[in-house]
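Next up: a single chain in structure tokens, the form predicted alone.
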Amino acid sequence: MSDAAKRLRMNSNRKTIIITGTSSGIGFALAEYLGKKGHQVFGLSRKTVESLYFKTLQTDITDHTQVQKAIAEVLKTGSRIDVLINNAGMGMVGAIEDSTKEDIWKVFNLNLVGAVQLMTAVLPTMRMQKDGKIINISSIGSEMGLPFRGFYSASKSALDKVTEAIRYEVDPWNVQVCSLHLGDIKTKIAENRVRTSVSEPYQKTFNKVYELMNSHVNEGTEPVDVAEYIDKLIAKDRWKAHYYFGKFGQKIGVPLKWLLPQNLYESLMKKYNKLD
């Protein structure tokens, strides 16, 4: 194939892609990966970063005005938005009893409300073009209540249910939406978690679980592997509602949750989290 033919083929497959949370971690790796593949990639994040492969639009996705401004900026470059990847998110650790409503709202505001605002912003364009794909980055932990991460699990579970509901609503316009549930990925998520103060009754157990969860992140999957998976997912013609990506030991927890009696499942989770 000649160079001209290769360029023509690349341009025909070129998509306009919006990714949130691209200043670091999964978002940055994903934006660079898809940009290198020839796509037009816009990264929405509160911090701007320099890259040869995607353009940063400084945006707080929890701010409606900033979101609308960013989408308008994207549309100045063309009339299409092919893919939205709601990657921006925040962890939260601590005992349920010690969590404040301010911390709970902060996590839900980013993990759920921010993602919904982005979907709301791109859907008019996707409806008009009768085509579009939205990936909501969720967590394997959304399928079960994780010890000392209850509100993180809850926020991602809420996003999953919104994903399931909106699939029915936008299907007439050939807009597809899915949740991608990730296991532990090797990022700096620990630096950005909301961490509540932990009261004395929970302190000893929390310390043990917290050390374990950080070790799982440090031993996690590389962000570029997530990017490769998402690239293949975007290429699929039809989507299921849920996809799971991570190490086997984490993914297996999902079908076990569906199949096992609750008490047995909780016993296995206690062992996994060293609570037994």
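Numbering starts at 1 and follows the sequence shown. Computed from a predicted model, the values in this text were never measured in an experiment.
What comes next is about the form predicted together with a small molecule, which is not displayed.
Only one of 199-207, 164-172, 125-133, 151-159 places residue heavy atoms within 4.5 angstroms of the small molecule in the model of the complex, namely 151-159. This chain is drawn without the small molecule; in the model of the complex, the residue among K69, K36, K55, R46 with a heavy atom within 4.5 Å of it is R46. L182 is the sole member of I81, I85, V177, L182 with a non-hydrogen atom within 4.5 Å of the small molecule in the model of the complex. Using a 4.5 Å cutoff between non-hydrogen atoms, I137 counts as a contact of the small molecule in the model of the complex. Using a 4.5 Å cutoff between non-hydrogen atoms, V217 counts as a contact of the small molecule in the model of the complex. Looking at T187, you'd find a heavy atom of it within 4.5 angstroms of the small molecule in the model of the complex.
With a 4.5 Å cutoff on heavy atoms, L30 does not count as touching the small molecule in the model of the complex; it lies far away.
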